[in-house]
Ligand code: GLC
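A lone chain, given as structure tokens: the form predicted on its own.
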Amino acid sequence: MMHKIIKQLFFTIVVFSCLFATAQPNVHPQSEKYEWPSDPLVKQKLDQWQNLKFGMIIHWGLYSVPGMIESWALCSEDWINRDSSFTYDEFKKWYWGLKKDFNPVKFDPDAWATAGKRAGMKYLVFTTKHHDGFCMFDTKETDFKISNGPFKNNPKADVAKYVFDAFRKKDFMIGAYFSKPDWHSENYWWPKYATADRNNNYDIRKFPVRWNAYKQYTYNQIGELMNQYGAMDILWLDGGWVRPRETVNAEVLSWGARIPEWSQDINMPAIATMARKAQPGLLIVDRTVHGPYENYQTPEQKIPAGQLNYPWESCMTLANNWGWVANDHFKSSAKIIHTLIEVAAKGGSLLLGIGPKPDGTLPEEAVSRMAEIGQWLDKNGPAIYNTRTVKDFHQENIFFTQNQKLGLQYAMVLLQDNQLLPAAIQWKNHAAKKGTQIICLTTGETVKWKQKSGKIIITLPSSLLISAIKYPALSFSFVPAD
């Protein structure tokens, strides 16, 4: 027995050393095209979503137990690093076995929602199932789920239900992340064959009954989420390599993954029809599969180079990894605020990734960063929320947005750590209406300004210049000239 324990401990340590701090390198690219939805309810919901600007995506699953890269260690591709002294079968057995250790007894979705609200976030995307197939909701389609392990007798065992309910109470728009591939399903990775990569491992042209069973499994699980978990605003589908063969393009090939000769079509028209019957106006985000079921684009871990004239969000992590990893490095709140400003000025939204710990609590570093972001948004939020783009949106360290309904433009000045404030701030081309007040949202003060040689020149108040507070950015509102 002691020998087995030592061997297991050594195995776990080796796995951690190879995988725990490895951020996924082959992120989803951005689609080349965009197709506007035709459903008026979807258009309306999309416009509402574009007003929100800032959301939270929560990655939480089996991978949180050891604190390692989410799901991907199961996949056999060149960029995955596993210790060669253990067989792949041993690794898979160990990983699947984490189910018996996942017991998040401190799970408190109300605390999560409160932290998100304080951060100024407005919408949620929760991982109901990642690629490893472990379900964070009480699906009837499989026993491989959080509600069938040591947590099953907890009153909140149906984790997704309580997460969605807690965030709804805080007026969040609600989104369900769902992985189209499922590596635990024997109808996706058939044990008869080796698991070469992220794709299904058999020719579905030869075994259509097996693939049809997988399609039905996927349809049924999404149906559970759409019909049994309350009002849903977003169905956020990951795993863009699961798609009809005819939609494979250079973007997909750039991932470096093998694309099989057969189509991995899961019949998105049927899924969308069913989902929107249950949730009218539902936004569907079939990532990188451009067409009627990619209602907004999702560039991952990056910001597009320029403005885009269609809906999009940058999904980015607060730390280095999507899920929880011990001793992870968290970005500064100033870095996230600067990112949010740039994203908003370019017409997008920021979906910030948070990974809860295996006991169900949020990392203290995440909570503190989120609070700092929220403190800035408490004052400067009008320059972010409900805004749209303007021409000439960027001048050096200044970004511009506008609220057309209020008839206001905003200038947001990015400041570096320990940077001394200049006595004056100026920009060109964005003229202010004669006689209007320019207000520093950061402090609530009306500032002195003049217009000279096509430039707006703002004199900062002395109270701001002598303040000991270090601001990540200053924002100003003004009525633009006609």
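Numbers for residues come from their place in the sequence shown, where the first is 1. From a predicted model like this one, the values you see are computed outputs, not experimental measurements.
One more form of this protein should be noted, the form predicted in complex with the ligand, which is absent from this view; the next part is about it.
Shown without its partner, this chain lists Phe172, Tyr162, Phe151, Trp236 as candidates; in the model of the complex, only Trp236 has a non-hydrogen atom within 4.5 angstroms of the ligand. Contact with the ligand in the model of the complex, defined as a heavy atom within 4.5 Å, holds for exactly one of Asp138, Glu300, Glu342, Asp328, namely Glu300.
Although the partner is absent from this view, Trp322 contacts the ligand in the model of the complex, with a non-hydrogen atom inside 4.5 angstroms. Contact annotation: Cys315 falls within 4.5 Å of the ligand in the model of the complex, judged by heavy atom distances.
Though the partner is left out of this view, His131 does reach within 4.5 Å of the ligand in the model of the complex, counting heavy atoms only.
In the model of the complex, the ligand sits beyond 4.5 Å of every heavy atom of His430. Heavy atoms within 4.5 Å of the ligand in the model of the complex are found in exactly one of 67 to 75, 97 to 105, 258 to 266, 115 to 123, that being 67 to 75.
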